[in-house]
Every structure is written in structure tokens, then in C-alpha cells.
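Just one chain follows, in the form predicted on its own, and it is written as C-alpha cells.
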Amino acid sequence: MAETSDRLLETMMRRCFDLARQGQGYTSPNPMVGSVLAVKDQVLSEGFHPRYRQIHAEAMALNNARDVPHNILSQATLYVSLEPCFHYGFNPPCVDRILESPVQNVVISCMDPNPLVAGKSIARLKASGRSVTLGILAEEGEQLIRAFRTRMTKERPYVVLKWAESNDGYMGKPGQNVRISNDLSQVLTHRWRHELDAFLVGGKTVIVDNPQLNNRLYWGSSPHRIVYSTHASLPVDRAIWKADCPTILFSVCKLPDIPDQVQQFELPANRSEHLRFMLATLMHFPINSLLVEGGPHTLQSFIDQGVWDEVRIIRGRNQYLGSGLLAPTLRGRRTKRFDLGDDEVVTIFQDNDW
């Protein structure tokens, strides 16, 4: 690999990242992965993991090169955004598929955090005599699998808190449905619903706002809908109970009038255990990431317990409410922001060891 320039390695790996994102919103609980098979700067084939339980990126790339002569494949390099899998699941181990091929060079962005893999495939490839290069654009590779890594290392979903606030720091008025963000921000929120696996609101939001919590303004899938309620009852005529996408209800008691397709879980008596119980339960679903939108009380409960990884705030810069429901305030380690019409979108990141 010495003759391969750093620029070429990075170019191919960025293409792997682009391919991987084609599976965004569909691969959980698996990570997004992309792969490129090339001889120097000539791409022979590409692959990505399109959907949970379907073919993996490396296998797709190698399958797409089945008509390439053996002597050319033996000179090729397989680029992959994540260490190939080592274990059997719905697909056989990708490391076996590579070892069955003539490919001798493998370039990987980052190691798989899954304990069933975690360097085992890299060691096996090296033991077979393959050349393995690890760590190409590793930070970007880690960012691509941040939700999967959180699931593997913290045994909970990657938690994103989201709210809209006026320029004077209010989320709305008590008992009223107040719109703060503009049309472009509404589309962005629905894009997030496609990209993330589940969307949580509190029971009060269900009562006051009657949200649908599905993806209507952006292409792609709708997330799991999750309701966290400490109310003894909820209205049965709400849109969230419709069977258009999976719905999960966490409540202090089982609510008998809720439709049967809604999966219900009874919360522990100790309120301080609610979040841990919910997040642990979600590990049994194909959920790597959770978008929490609810009112200030629901958001504040996640903040107070330190159970968040990102906060996304849509600030209506021309909106002034003067009074009402105050938005949460917090500090994170890294912040980025951009303008979307007359709205400002702010993202705050936290390295959370909870």
C-alpha cells in the first residue's frame, strides 16, 4: 500500500461514507457501511448496506465485481468504512467473503465497536497475509457510526434532544399549540425523523398538540413513535395511535382503551428510574437513535439525568413571545450553527459517559 497516496485513500474512503449514507434510516440496529473496490484510482465496483437483514456493503461490492478477471481482482484494494463483520447474523461474516476473494489489500476507516467483532476481523485478515490499513479518516468514520457505537458501548440509543424556541427563549404558551419555526425548518425536522430511528414525546404533548409524529414532508421512512406519559389516562382519539407506523407507549399504568397495535410498557414506580427503564427497553427494538421532542418537562428530565448526546435547537429569530414555557438551557463541548431562512439551527454535542 506504500505506493497509494494519502489523497487517494481519503478520496476512496469519502466515497465509502457517501455510499453508506444511502442506507440512512433503514439499517438499524446495524450501522451504515459503504465499500469501494478499486485498482489504484479505477473503481471496479461499489456497495453499501441498504437495509437491516439485507446484504452487507463488502459482499455487495465483491458481488458487483464477479465478472472482473481474477488477475485484476488480485491487484485491487477493498475500501470499507467499518471493519468487516466477524460473526454470523442474517448474513455470513464479511471477513469470510473477503478471504474467499482474490483481493489482497483492505483499507478500513475504523474498528467495529461490537464485542463480537472489535478487531477480530482485522486480525484474521492480517493472519491470512492480507495487507490491512486502518484509520483512514477515522474521525469521520466514527461520526458515521456514532449511534451504533452508543448502542454497543453504552447499551442505550444515541439521544438527540430537539426543540424550537423564540428569540427570547420560550417554547410556547401553556395549553396552546404555538408554531415558532418556519416552513424550511419543518421540512428539516421531518428529514430528521427519517434519519433517526425513534421519536419521543411526553403525554402532555399528545394531549395538547395531537401530533402525528410521522414523516410527511421528506422522502423516506417514518420512525418508531414513542410516548412517555405519567398521566393515568390519555385521549384515545389522537393521531399518534394510528397504525401507520410502530408506536410504543411507556406509562405509569396500562391504558385499556389504547389500540392493540400500540405496544405498552408499564413504568417503574420510582420516577427516577423511568429514563433508564425506557432506554433499556428500546434496546430490544431496531432502535439506535432517539429524537426527543416533547415539552420542557420531558426535555428537562433527560437533561437533568445527563442522558443526551446532541441537542438541536431551532430558534425563530423573528419570534418573540414575551412569556410562556421557558426553553431549557445547557452547555455542551462543541456547538455548530447555520441559518435556515429566518430561523437559526443550533446543534450542541456532549461526550456523555452515562
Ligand code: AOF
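Being a predicted model, the structure only gives us computed values, none of them experimental. When you see a residue number, it is the position in the sequence shown, counting from 1.
From this point on, the text means the form predicted in complex with the named molecule, which you will not see here.
Three-residue candidate spot Cys16, Leu37 and Leu99; no residue lies within 4.5 angstroms of the named molecule in the predicted bound form by any non-hydrogen atom. The candidate stretches are 206-214, 171-179, 270-278, 78-86, and the one lying within 4.5 Å of the named molecule in the predicted bound form by heavy atoms is 78-86.
When you look in the predicted bound form, the only residue of Trp163, Phe250, Trp241, Phe148 with a non-hydrogen atom within 4.5 Å of the named molecule is Phe148. Listed residues Ser301, Ser45, Ser289, Asn30 were compared with the named molecule in the predicted bound form; Asn30 is the one with a heavy atom within 4.5 Å.
A residue is said to contact a partner when one of its heavy atoms sits within 4.5 Å of a partner heavy atom; Cys94 meets this definition for the named molecule in the predicted bound form.
Taking the partner from the other structure, the named molecule in the predicted bound form has no heavy atom within 4.5 Å of any heavy atom of Asn105. Using a 4.5 Å cutoff between non-hydrogen atoms, Ala57 counts as a contact of the named molecule in the predicted bound form.
Among residues of the shown chain, Ile136 is not one whose heavy atoms approach the named molecule to within 4.5 Å in the predicted bound form.
Within 4.5 angstroms of the named molecule in the predicted bound form, the stretch 97-127 places a non-hydrogen atom from each of Asp112, Asn114, Val117, taken in sequence order.
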